[in-house]
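One chain comes next, on its own, written as C-alpha cells: the form predicted alone.
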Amino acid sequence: MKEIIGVCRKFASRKVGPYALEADLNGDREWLLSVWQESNDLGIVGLVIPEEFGGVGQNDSCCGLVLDTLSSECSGVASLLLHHYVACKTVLAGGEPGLSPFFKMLLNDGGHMPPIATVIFPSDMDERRLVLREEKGKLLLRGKSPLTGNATLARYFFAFVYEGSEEQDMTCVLIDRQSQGIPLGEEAGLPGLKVNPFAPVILEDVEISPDRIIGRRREAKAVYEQTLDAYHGFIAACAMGAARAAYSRALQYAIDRYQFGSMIIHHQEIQRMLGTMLAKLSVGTSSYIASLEREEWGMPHGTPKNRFSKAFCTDAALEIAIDAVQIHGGYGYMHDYGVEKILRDVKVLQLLGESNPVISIKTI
C-alpha cells in the first residue's frame, strides 16, 4: 500500500499539481482526460476492481489514501476518480452473478482509454425522481437526475431508480450514454471542483435492457446503502487531502513571511491556528481510514461510520482552509497562492452526497 501511495504522490506532484490552478480557472477538460489516461497506465483507474476481473484489487482504505494523495494536488482530479470508484463499488455491491460483463465494460470499451463511469443517486425531490416502469414488455426510464459528477465525461451511469411509490422498490440500472444518446442538462458551474463537470442527466423513456440491471429488480436498497457508504468515505478522504494542502501552504507561508520584526511563525496566534489545523487534520485522517476499514470494536456509540467521517472531515477541511486563508492575509484571496481554490473545493465536497445537516438529523 505504501508503494502505491508513493507512486501516486510522484504522479500527482509531477502531472497534476503544476497544472491544477490553470485547469481550474479555464475548465481544461483535455488536460483532465490526459490525467485520466496516465492514471490508467499506472493502474490507478482500476484500483478498486478485483484482480480476477482485470483490476488491481485494493481495499477501500487504499483507495481512500490514493484519493487523499491526489486531492492534495487537485480535488477536482480526485473527484473524477472518486465518482468512478463509487461506480465500481456499485457493481461489487450488486454481487454475483454478472460482475464480469460490467467490469469488462468499465476496463475496456474497445478504445485506447477506459471509459469513465459515475453514479446517479436517488433524490427525494419529485422533479428529480427517476422512475422505471414496464410498458408493453419494455422497461422504460424517465426523469431528470440531481447534479451528477463526471456528467459530461462519463460514458456509463449507474442509476438508482424507483419502480413504485415505496422507497424500498428501488432498482439499480446501467445506462450507456454513448449508445443510448442520453442528453444532459446545463452544467452547474460549481465554484469548486471546477474541472469536474456536474450536470443533471435527462432521461425520456430510455429503454433499459434486463441485462443492464445490477443485482435484482426492486431489491437495490442494500446496494444503494453500500454504495452511499463508500461515497461518504471517499469524500472524507478527498476532504482531508485538500486540507493537507491547505495546512502545508499555510505553514510554509508562516515560515517565509516576515512582518513586524519577525517571521509570523513566531506569533503565538499563528502557532495556535496551525496547531489546531494540524489536530483536525490528524483526527480527520484517522477517522476516514478507520471508517473505510470498517473495524468493529464493540464500544457503545463508537463504531466508525463513513457518513459521520464525511461530515466531520468536510467540516474540518473547510475550517482548515478558512484558517489557511486567514494566515495568508490578503494574499489568501489571490489565485496564485492556491488556498482560495482549496476553500472553494472543500465547500463543494461538503455538499456532495447527503449534506452534513441531513446526516446529523438522520442519525437521531
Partner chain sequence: MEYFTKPIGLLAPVPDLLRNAPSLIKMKERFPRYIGRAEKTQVFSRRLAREIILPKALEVDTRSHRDPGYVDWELWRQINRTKATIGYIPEKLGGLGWSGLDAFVFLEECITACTGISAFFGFNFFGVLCAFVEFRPDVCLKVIGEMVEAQRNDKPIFWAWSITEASAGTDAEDARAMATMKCSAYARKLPGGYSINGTKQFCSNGSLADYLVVTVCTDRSDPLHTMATFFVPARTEGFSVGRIERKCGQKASQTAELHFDNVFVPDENVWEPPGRGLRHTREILSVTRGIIGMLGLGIARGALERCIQFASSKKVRGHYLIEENWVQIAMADMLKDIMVVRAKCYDFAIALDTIHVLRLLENLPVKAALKMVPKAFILGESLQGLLKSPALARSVKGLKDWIVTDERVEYCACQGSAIKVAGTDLAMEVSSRVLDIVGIEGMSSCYGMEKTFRDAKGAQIYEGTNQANRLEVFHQEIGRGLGL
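Residue numbers count along the first chain shown, from 1. Since the structure is predicted, the reported quantities are computational estimates derived from the model, not experimental observations.
Heads up, the form predicted in complex with the partner chain isn't pictured, but that's what we're talking about next.
Mark residue 15 yes when one of its heavy atoms lies within 4.5 Å of a heavy atom of the partner chain in the predicted complex, and no otherwise.
-> Residue-level check for residue 15: no, no contact with the partner chain.
4.5 Å heavy atom contact, residue 259 and the partner chain in the predicted complex | Yes, contact at 4.5 Å.
Does the partner chain get within 4.5 angstroms of any non-hydrogen atom of residue 52 in the predicted complex?
-> Because no heavy atom of residue 52 falls inside 4.5 Å of the partner chain in the predicted complex, the answer is no.
Touches the partner chain in the predicted complex: residue 146 (any heavy atom, 4.5 Å) = Residue 146 belongs to the contact set for the partner chain.
Which one of 96, 205, 124, 135 is close to the partner chain in the predicted complex, taking close to mean a heavy atom within 4.5 Å?
-> That would be 124.
If you check 275, 210, 181, 189 against the partner chain in the predicted complex, which one has a heavy atom within 4.5 Å?
-> Only one option qualifies, and that one is 189.
Proximity to the partner chain in the predicted complex (heavy atom, within 4.5 Å), stretch among 41-49, 64-72, 320-328, 28-36 = It is the stretch 320-328.
Scan 324-359 and write down, in order along the chain, each residue with a heavy atom lying within 4.5 Å of the partner chain in the predicted complex.
-> The stretch 324-359, when checked against the partner chain in the predicted complex, contributes 325, 326, 329, 330, 331, 333, 334, 335, 336, 340, 343, 344, 347, 348, 350, 351, 352, 355, 357, 358 at the 4.5 Å heavy-atom cut-off.
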